[in-house]
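Before any questions on how it binds or moves, here is one chain, the form predicted on its own, in structure tokens.
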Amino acid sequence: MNVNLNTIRHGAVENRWLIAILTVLTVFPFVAPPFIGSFYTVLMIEAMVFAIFALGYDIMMGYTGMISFGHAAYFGLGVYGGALTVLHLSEGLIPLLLVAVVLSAAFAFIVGYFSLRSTGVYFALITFAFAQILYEIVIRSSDFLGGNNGLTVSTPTLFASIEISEMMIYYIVFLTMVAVYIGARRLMNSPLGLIFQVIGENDQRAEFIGYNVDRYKHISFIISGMVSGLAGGLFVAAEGFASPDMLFWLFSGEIIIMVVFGGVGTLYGPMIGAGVFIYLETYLNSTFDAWQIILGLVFITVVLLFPQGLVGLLKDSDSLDSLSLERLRDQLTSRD
């Protein structure tokens, strides 16, 4: 009974925080710019793009237990695929996103096919190697991909004729983020998602009871790559440029930090982690010279004190509130 009550309580906490965050994000473009300028609207768009990217990574790391050191490749493919679509095929947003997702899914299929023959650190190193190969190809293709300078593109259109304003791209990214979260949540409650979780807990046991572990890990890897590519497509649609830095291994490291920072295996935790990370990075970078040291100390503090990430902090806070209420109720009862 205690387990069920705790589960219900944590579910209520999750829903309460999600409703609060969604409410703020819904009204933000109408309320905030007159007071703090449009810079923070752009920052919010970037944070939501990275929230989608972090959620995509969590589908793989948090539920099937795989750690990739090359996931920037799928985000970067989404970025470059989207940019090339606008430059050479169509200026429409939907073709841009379709190309971004298909390219990333195809590359994830290839990388997963080879990398899943290994496990642990060897798997991570193979994903890292594929991403670095892609990075070098982009750097050396200055004529087609812009080399170190990257690509600059105009803002895509909606339905081939409607120009997309900053407000429109904000809500497009916002609604996409909500849709991806709902889709991921339904996936994890489906039979396929439950198999992912069984594999994440113990892949040898999953194989012993008859599941084709490699096949399901491959599916998880491809889904994760698709979501990452979608985030990349949204990024180039919003920001209008593609940089080779988005394929570099340091960028893969940042997404791992966002996921761990927020809370692995929770879906919404990495999204919160991405938002907090982007805001902290921007604020500290504009305020302190040694901002990376401060950001590192914040990350170490959260990891040591709250191994479940920021989500664990929220749960612990709720547990303390519940404990206080129970103590208060006991005191009132004893007085009676």
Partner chain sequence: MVATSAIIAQALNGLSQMMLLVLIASGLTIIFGLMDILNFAHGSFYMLGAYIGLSTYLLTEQFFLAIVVAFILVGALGGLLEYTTLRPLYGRDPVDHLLITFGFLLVLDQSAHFIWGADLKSMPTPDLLDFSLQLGMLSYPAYRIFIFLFGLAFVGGMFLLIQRSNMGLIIRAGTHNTETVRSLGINLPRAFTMTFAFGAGIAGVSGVIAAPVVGLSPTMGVSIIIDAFIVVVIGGLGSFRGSIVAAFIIAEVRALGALFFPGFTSILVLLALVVTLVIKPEGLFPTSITEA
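Residue numbers count along the first chain shown, from 1. Note that the structure is a prediction, hence the values are computed from the model and not measured.
The discussion below concerns the form predicted together with its partner chain, not included here.
K.L.:
Look at the stretches 253-261, 173-181, 151-159, 211-219 and give the one with heavy atoms within 4.5 Å of its partner chain in the predicted bound form.
P.N.:
Residues of 253-261 come within 4.5 Å of the partner.
K.L.:
For the three residues S118, G296 and F299, which mark the spot I'm curious about, does each lie within 4.5 Å of its partner chain in the predicted bound form through at least one heavy atom?
P.N.:
Yes, each of S118, G296 and F299 comes within 4.5 Å of its partner chain in the predicted bound form.
K.L.:
Which residue, I126, I164, V198, A105, is the contact with its partner chain in the predicted bound form, using a 4.5 Å heavy atom cutoff?
P.N.:
Looking at the other structure, the residue within range turns out to be I126.
K.L.:
Would you kindly say which of I94, L89, L194, I133 lies with a heavy atom within 4.5 Å of its partner chain in the predicted bound form?
P.N.:
Here the answer is residue option I133.
K.L.:
Quick one: is L43 in contact with its partner chain in the predicted bound form, heavy atoms, 4.5 Å cut-off?
P.N.:
Judged by the heavy-atom cut-off of 4.5 Å, L43 is well away from its partner chain in the predicted bound form.
K.L.:
May I ask you to state whether I67 is within 4.5 Å of its partner chain in the predicted bound form, using heavy atom distances?
P.N.:
Yes, I67 lies within 4.5 Å of its partner chain in the predicted bound form.
K.L.:
Is R185 close enough to touch its partner chain in the predicted bound form, meaning at least one heavy atom pair within 4.5 Å?
P.N.:
Looking in the predicted bound form, residue contacts with its partner chain do not include R185, since no heavy atom lies within 4.5 Å.
K.L.:
Hey, in the predicted bound form, is R205 touching its partner chain, heavy atoms inside 4.5 Å?
P.N.:
It does not: once its partner chain is placed as it appears in the predicted bound form, R205 has no heavy atom within 4.5 Å of it.
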